[in-house]
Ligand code: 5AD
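We begin with a single chain expressed as structure tokens, specifically the form predicted on its own.
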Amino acid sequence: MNEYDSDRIHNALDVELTGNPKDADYIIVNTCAIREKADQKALSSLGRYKHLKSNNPELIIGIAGCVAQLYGKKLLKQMPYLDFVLGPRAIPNLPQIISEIETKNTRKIDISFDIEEVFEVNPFHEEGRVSAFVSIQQGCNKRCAYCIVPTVRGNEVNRPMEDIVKETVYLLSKGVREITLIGQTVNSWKQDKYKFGDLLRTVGELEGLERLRFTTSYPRDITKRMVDAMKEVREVCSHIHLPVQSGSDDVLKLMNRTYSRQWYLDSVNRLRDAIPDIAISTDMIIGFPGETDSDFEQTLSLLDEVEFESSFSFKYSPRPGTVGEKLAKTDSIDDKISGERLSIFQEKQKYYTLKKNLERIGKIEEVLVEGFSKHDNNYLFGRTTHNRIMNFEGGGNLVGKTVNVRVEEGLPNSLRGVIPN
């Protein structure tokens, strides 16, 4: 979502990017507030640019995104070199804000949720991209105890299907072959009589589209209509990112996740019954306030039961104004214990990721080629339908094409293969 918003900021300003901050007329740090470390990194990166104003007084420095929304006016008070603060929904107002700063020598803040056309500005599209994001939703109506997203992105706003299709058609005309629909709880999307499964079918029928992905899904919003579309629409990839956050019912209740461990497992079984070869990845929070040794063992047993393809796992990070922040004041987990639990979980996850990759050896995988490997220019890279990275030898003429690759090696985080003769 942040990558998508950065491209929208680029397009809203209609400017060229520079690789050197010293050459810039505008420096905008687009930020994430999902964890404490993320917003600390955002604020420290801002500080690296303040000295540039002494050599270029007309330089405009701004902060955008969720950290901007979270701290608002405080940032202008703390950082005299900062010219504007822009919330995620206010991106369409950016040209006017820049204009007022330049003509009136003023500082601006816009963190309003009351933006009439939230999706008005589409992202800048760099020619040659094989895959692209399309936002179908802003904000979130869930109230998970650990999460700051509803605070910084507001309540759920679903984008009209017509606009989603229009942006997708444009991207396909520019050579994109894979679209990822994005939203905070992407599968809760709806419009009138249409639900998420209907959107998958509509986008999947567009000419030129080879692959359709989506992220991030919410377990309670897995419906029969959605599962049927995933099974029946050829373009929908055999992968779903389905955050669970904990394997313990007690912790899930504290998190206000609105489903139980068994509900989650039932959803996984429904997906695998419909699509036997589907890859499932997840998110996991370790050390949420109140998590006991027994709770953590249940998280490990869930990993054993599901055998996730991969997972994003982190120590719990209290976020301002959330229920979790209040719980942490009375029932926090010692940082050392959280760290030890996280290491144990991640080692077990590494085992299953490698196991899944080794199981692919000898199989023929369809790979959408994205470009040359950053680590070895002799190798191309792309992703399988299961979202596994595949590296293999080949020429640049294959970029943007889907090719069959036989898996020769299963590595800890990727596959290596060859194009069969």
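Predicted model, so just to flag it, every value in this text is computed and none were measured. When you see a residue number, it is the position in the sequence shown, counting from 1.
Quick note: we don't show the form predicted together with 5'-deoxyadenosine, though the next part is all about it.
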Problem - Which of 358-366, 55-63, 32-40, 389-397 lines the interface with 5'-deoxyadenosine in the model of the complex (heavy atom within 4.5 Å) - result: 32-40
Handout entry: 5'-deoxyadenosine contact at E156 in the model of the complex, heavy atom, 4.5 Å
Key = no
Exercise for the section: Although 5'-deoxyadenosine is absent from this view, report whether G290 comes within 4.5 Å of it in the model of the complex, heavy atoms only. Expected result: no
Practice task
Indicate whether Q245 is a 4.5 Å heavy atom neighbour of 5'-deoxyadenosine in the model of the complex.
Solution key: yes
Exercise for the section: May I ask you to state whether S317 is within 4.5 Å of 5'-deoxyadenosine in the model of the complex, using heavy atom distances? Expected result: yes
Problem - One residue of V203, I179, I285, L82 in contact with 5'-deoxyadenosine, assessed in the model of the complex (non-hydrogen atom, 4.5 angstroms) - result: I285
Fill in the blank from the handout: Of Y264, Y218, Y146, F296, the only residue with a heavy atom within 4.5 Å of 5'-deoxyadenosine in the model of the complex is Y146
Practice task
Pull the contact list for 166-189: residues with a heavy atom within 4.5 Å of 5'-deoxyadenosine in the model of the complex, in sequence order.
Solution key: none
